[in-house]
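Have a look below at one chain only, the form predicted alone, in structure tokens format.
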Amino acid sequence: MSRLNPFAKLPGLNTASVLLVESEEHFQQSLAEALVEETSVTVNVRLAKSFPLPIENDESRPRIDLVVFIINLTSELSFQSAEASLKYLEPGYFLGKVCFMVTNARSSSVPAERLDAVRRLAASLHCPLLFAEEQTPEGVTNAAERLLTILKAAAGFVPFTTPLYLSNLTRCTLPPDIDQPSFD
């Protein structure tokens, strides 16, 4: 089992590759279909449940420009799977080529501690944290548009913008009182 390296392969011409990682695959397929509809660049979408990726497909796998961990907040397994998969990424990916996308944040069954844990994880890795609505087609489209903005920068299609620069602008930060008990 090898680690995924962002600079091991050459980029494709006018092509951006994104890897969507979701353990439960609820939102992954609809998001992938929305991403492929992009017309200004060719978007290759790869899907995975978790890391490590199989070694036998390594030669045919394109360079991955952006890794997106999709975390369903109603499932503890989803968060644990994303957290365990991080160790299979080379440190170079954390220079603007990783982001977290959270679904079901509005659900009343989500414990506040789980959202805080995801925010802490994204903040500790200096990665963007996006929130998505998966129940409506408009929500999927909006999530795809936000993800495409980050993907284009990560693939080098935005002049004078690097993935690290964009990551610094969009990274998740923690409020100073996140470790304080809430009075709800």
Partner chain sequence: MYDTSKLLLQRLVRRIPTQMLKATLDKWGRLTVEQRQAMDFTQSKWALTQKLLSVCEENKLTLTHLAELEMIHAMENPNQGMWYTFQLLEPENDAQSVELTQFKQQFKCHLSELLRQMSVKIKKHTDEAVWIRIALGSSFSKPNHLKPTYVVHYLQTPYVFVRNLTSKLKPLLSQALTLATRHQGVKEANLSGRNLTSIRDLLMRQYQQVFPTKYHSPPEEEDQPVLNQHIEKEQGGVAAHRRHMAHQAFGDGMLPQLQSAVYMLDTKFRDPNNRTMTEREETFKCVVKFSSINLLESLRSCASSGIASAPVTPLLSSIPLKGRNYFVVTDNTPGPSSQGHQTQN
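This one's a predicted model, so the numbers in the text were calculated from it and none came from an experiment. Positions refer to the first chain, counted from 1.
The form predicted together with its partner chain exists for this protein as well; it is not shown, and the discussion that follows is about that form.
Visitor: Each of 101, 107 and 111 within 4.5 Å of its partner chain in the predicted bound form, by any heavy atom, yes or no?
Guide: Judged in the predicted bound form, none of 101, 107 and 111 sits within 4.5 Å of its partner chain.
Visitor: Among 66-74, 32-40, 132-140, 112-120, which stretch has residues whose heavy atoms lie within 4.5 Å of its partner chain in the predicted bound form?
Guide: That would be stretch 32-40.
Visitor: My question is simply whether residue 48 lines the interface with its partner chain in the predicted bound form - judged by any non-hydrogen atom within 4.5 Å.
Guide: Flag for residue 48 set to yes.
Visitor: May I ask you to check whether residue 146 falls inside a 4.5 Å heavy atom distance of its partner chain in the predicted bound form?
Guide: Result no; residue 146 lies far from its partner chain in the predicted bound form.
Visitor: Does any heavy atom of residue 127 come within 4.5 Å of a heavy atom of its partner chain in the predicted bound form?
Guide: No - in the predicted bound form, heavy atoms of residue 127 and its partner chain never come within 4.5 Å of each other.
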